[in-house]
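The chain below stands alone and is given as structure tokens, in the form predicted on its own.
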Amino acid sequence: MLQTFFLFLIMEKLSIAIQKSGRLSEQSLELLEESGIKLANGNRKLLSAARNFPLEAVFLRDDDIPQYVFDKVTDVGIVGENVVKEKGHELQIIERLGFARCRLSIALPKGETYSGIGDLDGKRIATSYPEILGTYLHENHLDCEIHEISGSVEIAPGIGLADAIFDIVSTGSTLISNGLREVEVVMQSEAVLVANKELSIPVRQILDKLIFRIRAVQKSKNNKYILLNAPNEKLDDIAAILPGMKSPTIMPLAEEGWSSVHSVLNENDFWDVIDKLQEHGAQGILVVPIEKMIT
């Protein structure tokens, strides 16, 4: 018993930096939980160890996460791709996580005419992302004055601080409420799992296990399990529509001339496929969420 305890103490762990509050924090913790990883006390303290996986989470400000990963204080981190690019550290993007999607865009007052990117030349642009904006302006040979501010970037044109803004846009409602309109999308962003490029072999092996679990969760969200009844003379047509992971599962029904077909359907193709199935005589179609999907 004592030997097991000491082995636990010296066992390698994967340290992961997570935003300490906000929507990205909640979605990161949800992803870990769906991956079967249970943290002790969640994000109520700086450091939280998993009870059932060799992982410990460090809760930080999102702007600090790239620096912590780069300096090897933590092995990996979940952070917005826009933050990674702004900080400029050489980190490896291990996995795109599909949540916290947004874009970084330039916006002007809605009453101002705009005919193209050249209209931005000479303007004062307020932003919290001066590095990304500066690179974009340089690549497009634009001479603009960048005003770096933190928070409430959208009010800058209204108070005369700037002619335009460069900021995160999700739904666009904040721009509209401040009398602005989006004119140029500079980059798309989402939550990403980033890692230091010099991980030890044991830590890398733990990371590979984590990635395996994350991908199983992501695939389950993008796919549905589908069951339907089909006339036997239409099975070849229906099988062609529903390839599944390898091929559909087909089982005879008690009613002669009919079979039950089971398969996996991608969420993006869902309604188009359903229409085609009905055209080929499919009936009693059931669609079931998938909790995990391992291929």
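So that there is no doubt, residue numbering starts at 1 and follows the sequence shown. All values reported here derive from a predicted model rather than from experimental measurement.
The form predicted in complex with a small molecule is left out here; the points below concern that form.
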Heavy atom within 4.5 Å of the small molecule in the predicted bound form: which of R101, R215, R181, H89 fits that? Just give me the one. R101
Select from the listed residues T174, N222, Q205, N140 the one whose heavy atoms reach within 4.5 Å of the small molecule in the predicted bound form. T174
Heavy atoms within 4.5 Å of the small molecule in the predicted bound form: does S170 have any? yes
Does V194 make contact with the small molecule in the predicted bound form, using a 4.5 Å heavy atom cut-off? no
Applying a 4.5 Å heavy atom distance criterion, does V83 contact the small molecule in the predicted bound form? yes
Heavy atoms within 4.5 Å of the small molecule in the predicted bound form: does S21 have any? yes
For the interface check, one of 229-237, 51-59, 254-262, 22-30 should have non-hydrogen atoms within 4.5 Å of the small molecule in the predicted bound form; which one? 22-30
Does the small molecule come within 4.5 Å of a heavy atom in each of D63, E154 and S189 in the predicted bound form? yes
